[in-house]
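Before any questions on binding or motion, here is one chain by itself as structure tokens, the form predicted alone.
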């Protein structure tokens, strides 16, 4: 089944029709998109493809990928493992941004058999504060303007005019938001069990954090990294929770440097 988005093919992963971007050559890099999805035309894909064989699926329920009934975050993690099996990928650099960082962390706690390096970028997925403390802003309770202002260093990059957009662009945008709410509404943006499982991650790991992220603070990112044995924590200046969009050159270069410094 062909995806309606240009540049996206389709693959069946354990019976789930999944949109898939594949570009570049070399070491495989599996890129898990944030809650806003990933456009095939995003410059970061080409920049990463200069160094890696990039595989970027639309997770179930996002883009045009199918969403089986009752699917959970746990199922998304096993979907990721099934995709690695289906493509027979090994020594993978696993990269996840925001919501995709959560899923990447879940995958790595379950199995690292095919994973060689882990990069989490402004990930969510754990609770670091007390029961009455807010770790993350409620992205579903904000207006779009408020959400953009808190998510980006330069909110103008988030500009979206539905009058200029295609029907498919609007459909994907709304579907991504609906699916994010399905997976992350309750409990809000975390798995109560994940924090206690992060110690299972034994591959070299890097946590990158856009300094201008006002959905979650850098302290949240530091607490995340501290739970992963040996993980490095670094901030990215002039970027919010989507450094791959605001600073794609720096993003791709830093991942390449991290992989090169931790040779397979």
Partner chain sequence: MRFYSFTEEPYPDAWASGADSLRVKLPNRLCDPEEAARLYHEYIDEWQLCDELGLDIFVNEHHSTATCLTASANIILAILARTTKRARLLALGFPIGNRPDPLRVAEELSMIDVISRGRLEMGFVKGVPYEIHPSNSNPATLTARFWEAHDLILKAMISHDGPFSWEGEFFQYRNVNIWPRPWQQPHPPVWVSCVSVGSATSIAERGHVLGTVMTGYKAKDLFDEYRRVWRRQSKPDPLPLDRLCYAGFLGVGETEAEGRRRGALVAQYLRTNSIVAEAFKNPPGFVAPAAGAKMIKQTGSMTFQSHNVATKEGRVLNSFAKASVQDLIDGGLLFAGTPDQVFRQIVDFYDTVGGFEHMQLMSQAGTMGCADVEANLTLFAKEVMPRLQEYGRMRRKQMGLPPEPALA
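Positions refer to the first chain, counted from 1. Source: prediction; values computed, not measured.
Another form exists, predicted together with the partner chain; not displayed. Remarks below refer to it.
- Exactly one listed residue, out of 75, 85, 154, 138, brings a non-hydrogen atom to within 4.5 Å of the partner chain in the predicted bound form: 138.
- Proximity to the partner chain in the predicted bound form, taken as heavy atoms within 4.5 Å, picks out 180-188 from the listed stretches 180-188, 122-130, 87-95, 109-117.
- Among residues of the shown chain, residue 170 is one whose heavy atoms approach the partner chain to within 4.5 Å in the predicted bound form.
- Shown alone here, residue 192 lies farther than 4.5 Å from the partner chain in the predicted bound form, counting heavy atoms only.
- Not displayed here, the partner chain is approached by residue 70 to within 4.5 Å at the level of heavy atoms in the predicted bound form.
- Interface membership of residue 149, defined by any non-hydrogen atom within 4.5 Å of the partner chain in the predicted bound form, is ruled out.
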